[in-house]
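So this first bit is one chain, no partners, the form predicted on its own, shown in structure tokens.
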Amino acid sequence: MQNQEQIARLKNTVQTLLDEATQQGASAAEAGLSQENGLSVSVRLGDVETIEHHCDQGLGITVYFGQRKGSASTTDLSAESIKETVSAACSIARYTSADDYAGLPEPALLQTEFPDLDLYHPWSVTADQAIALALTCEDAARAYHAEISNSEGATVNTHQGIRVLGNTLGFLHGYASTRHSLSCSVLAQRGDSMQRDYWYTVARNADFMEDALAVGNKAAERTLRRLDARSLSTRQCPVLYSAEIATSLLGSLIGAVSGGNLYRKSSFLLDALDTPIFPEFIHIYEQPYLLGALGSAAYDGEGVATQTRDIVSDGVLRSYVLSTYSARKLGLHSTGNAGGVHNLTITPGQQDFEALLKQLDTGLLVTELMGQGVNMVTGDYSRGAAGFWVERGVIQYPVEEITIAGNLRDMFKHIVAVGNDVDYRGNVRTGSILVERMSIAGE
């Protein structure tokens, strides 16, 4: 009940902002307000390093005078500050150039139904309890093996907040959400070889997080297996992206089909709509209404209704990822993606990770990527990598200080399998992805 009362108060504040914008002469306006609080605790080598309590709030407003746009923001919710913030936005709008594509979304696209997506699960963990949890996690990692030589610590985070969005088209809605996490990072040493790795768990409901002992053990296990890493000679071979790394491939896809890159003509997938860009078995889609998922939302950052929809089906690019502005620039309609995609999912195959290793046979398993070597205009791809060399479906030894390279258009077309080892810890859901052939540059 208290939560609903707080949302109602914040909605009143947003409506006051919108009314003030209208009174100051704006032809249209949209406003957002957020209030957030949380706790963050970190430990290292058995001692408490930080205890932080977070409490933040802020509001922002965008006003339109015809096609001229101005924005302003503040953290002060007093009546005087609201007037000053609106005045600042209006002053900016009066002196900006008109943009034919600027403006609020089409009213017919705004969300009118607001299902409970199970996003709010407050965690009543105290600082002492969070410290104990982090220590349990780090202790498990440090005690896992004698070769675990140092620690970068363990961290517990809990966050809850309320966001309200409104505009002068009559849209006004707010909701509460939570997000909790536990992470651990340790170092291992064997002779002259030293490595670090980590593991983490995250969920909207703390009951669905991995156990602290499991997180610590996984962090230690991942670190130990990287010891005595070698480089590779330059070659071409199949590459298997582990599930937590494969998300970056789908991230590159979304970047290439996002409106901003498309209307700037800076995408290697320009004019690729309704053409095959993947093998026929690839299906990539959004699931914004999954209960309790990290990427769930009934509407985007502009109030446009989200949709369960295909981006790729049967290997064919079916839709772009568009906000209102980018859609207008392209002569299309918003896809409800102002602010990004929602639970982007690639349909998993039947094979588990071990079966994918056998299908890989001899090649590279990638478990870490470094750098930002992706050219969105050409699709050229070159990134530092670390992982494991695999022969006859069995991991042989860890590798590091290599670069993997190719072209995203070719990489997408030559995906040969997607595993069922799906990583659910983010807004992109995928299993491991096997690419038929890439170039490896090493020693």
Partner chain sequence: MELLNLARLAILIPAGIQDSAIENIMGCLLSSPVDAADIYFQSTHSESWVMEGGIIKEGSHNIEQGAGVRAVSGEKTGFAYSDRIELPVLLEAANNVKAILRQGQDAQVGLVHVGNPVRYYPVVNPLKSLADQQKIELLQRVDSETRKLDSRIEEVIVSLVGVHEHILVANQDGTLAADVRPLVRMNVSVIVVENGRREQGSMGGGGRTDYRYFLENDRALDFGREAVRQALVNLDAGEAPAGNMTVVLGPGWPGILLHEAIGHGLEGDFNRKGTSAFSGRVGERVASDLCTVVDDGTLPGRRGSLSIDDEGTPTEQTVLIEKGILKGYMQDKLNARLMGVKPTGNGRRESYASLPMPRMTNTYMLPGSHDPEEIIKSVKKGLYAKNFAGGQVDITSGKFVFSASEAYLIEDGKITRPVRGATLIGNGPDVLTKVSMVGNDLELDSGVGTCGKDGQSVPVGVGQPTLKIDGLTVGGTSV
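Because the structure is a prediction, the values reported are computed rather than measured. Positions refer to the first chain, counted from 1.
We do not show the form predicted together with its partner chain, though everything after this point is about it.
- Between 139 to 147, 166 to 174, 67 to 75, 348 to 356, the stretch whose residues reach within 4.5 angstroms of its partner chain in the predicted bound form through a non-hydrogen atom is 67 to 75.
- A residue is said to contact a partner when one of its heavy atoms sits within 4.5 Å of a partner heavy atom; I395 fails this definition for its partner chain in the predicted bound form, lying far away.
- Residue contact check for W123: none of its heavy atoms lie within 4.5 Å of its partner chain in the predicted bound form.
- Contact annotation for D211: none of its heavy atoms lies within 4.5 Å of its partner chain in the predicted bound form.
- Taking non-hydrogen atoms only, G292 never approaches its partner chain to within 4.5 angstroms in the predicted bound form.
- Exactly one listed residue, out of I402, V418, A31, A26, brings a non-hydrogen atom to within 4.5 Å of its partner chain in the predicted bound form: I402.
- A heavy atom within 4.5 Å of its partner chain in the predicted bound form is found for one listed residue only; from T234, Q129, N205, Q307, this is T234.
- Candidate site formed by L270, E368 and R383: every one of these residues places a non-hydrogen atom within 4.5 angstroms of its partner chain in the predicted bound form.
- For the partner-free chain shown, D47, V48, E49, T50, I51, E52, H53, H54, C55, D56, Q57 of 46 to 60 come within 4.5 angstroms of its partner chain in the predicted bound form, judged by any non-hydrogen atom.
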